[in-house]
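Only one chain comes next, encoded as structure tokens, the form predicted alone.
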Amino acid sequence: MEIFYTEQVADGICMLDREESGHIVKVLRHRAGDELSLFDGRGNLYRCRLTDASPVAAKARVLEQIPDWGAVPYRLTMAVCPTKRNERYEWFAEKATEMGVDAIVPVIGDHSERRIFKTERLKKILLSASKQSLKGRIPAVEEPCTVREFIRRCDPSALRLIAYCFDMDGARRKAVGDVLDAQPGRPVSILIGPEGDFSREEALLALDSGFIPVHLGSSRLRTETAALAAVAALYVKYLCTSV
């Protein structure tokens, strides 16, 4: 299934940018009258007919709009510390998009080795991953903030989880799946630390703020692996048993 992206939809007309227009007309050789499938990154799929096969500014008329196309039955925010190597974080974000995530928040922890993170390249990767995995909504990529900032501003109505490696004053860590089973239906926010884990102070702040401590099994996972394992836990729980 060929899927193309458009940011501009108005009055039943989809306008395509230079990159998508060139791909449709020059590479795939589509012509006026051909039917196309477009998505807007906000959850809508449009069945369209190409009306202007310009290689720099193609246009298509909407035949049908399909809302919530490719949507998953949960709301998930992943707040993940940037990895030392950027490509590892990009790998996590790409695969998380394929399974289903609503927002990715780069958070800077006390033990983070990478403290500067630029989001523009990541947004392009998520656009491509949304196309590939037939998702109508592109995950939001928020600007970096500190772990403490994220903890303080995180939606209190969400099921807030923090995964860390060490024991914290008798706070018993639960398996992610067990927590999801016990509290179904709520939006979920999961906080994943850097290679050196969270500091004790960050973990205490999270617990004091209502975060539930969780673990992802007995293995010591890299940051990007732990983050993806958390995403996969929701994907398997809500989707793999219903297909």
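Computed from a prediction, not measured in an experiment: that's the story for all the values here. Numbering starts at 1 and follows the sequence shown.
Just so it is clear, the following notes concern the form predicted in complex with another copy of the chain, a form of the same protein that is not shown.
- At the 4.5 Å threshold, heavy atoms of Leu134 reach another copy of the chain in the predicted bound form.
- Another copy of the chain is not drawn, but in the predicted bound form it has a heavy atom within 4.5 Å of Gly177.
- Although the partner is absent here, Arg220 is a contact residue: one of its heavy atoms lies within 4.5 angstroms of another copy of the chain in the predicted bound form.
- Remark: Met99 counts among the residues lining another copy of the chain in the predicted bound form, judged by a heavy atom distance of 4.5 Å or less.
- With another copy of the chain omitted here, the record of contacts in the predicted bound form names 88-96 of 116-124, 88-96, 103-111, 148-156, defined by a heavy atom within 4.5 Å.
- Exactly one listed residue, out of Ile190, Cys48, Leu216, Ala206, brings a non-hydrogen atom to within 4.5 Å of another copy of the chain in the predicted bound form: Leu216.
- Contact annotation for the candidate site: Met15, Glu20 and Ile24 all lie away from another copy of the chain in the predicted bound form (no heavy atom within 4.5 Å).
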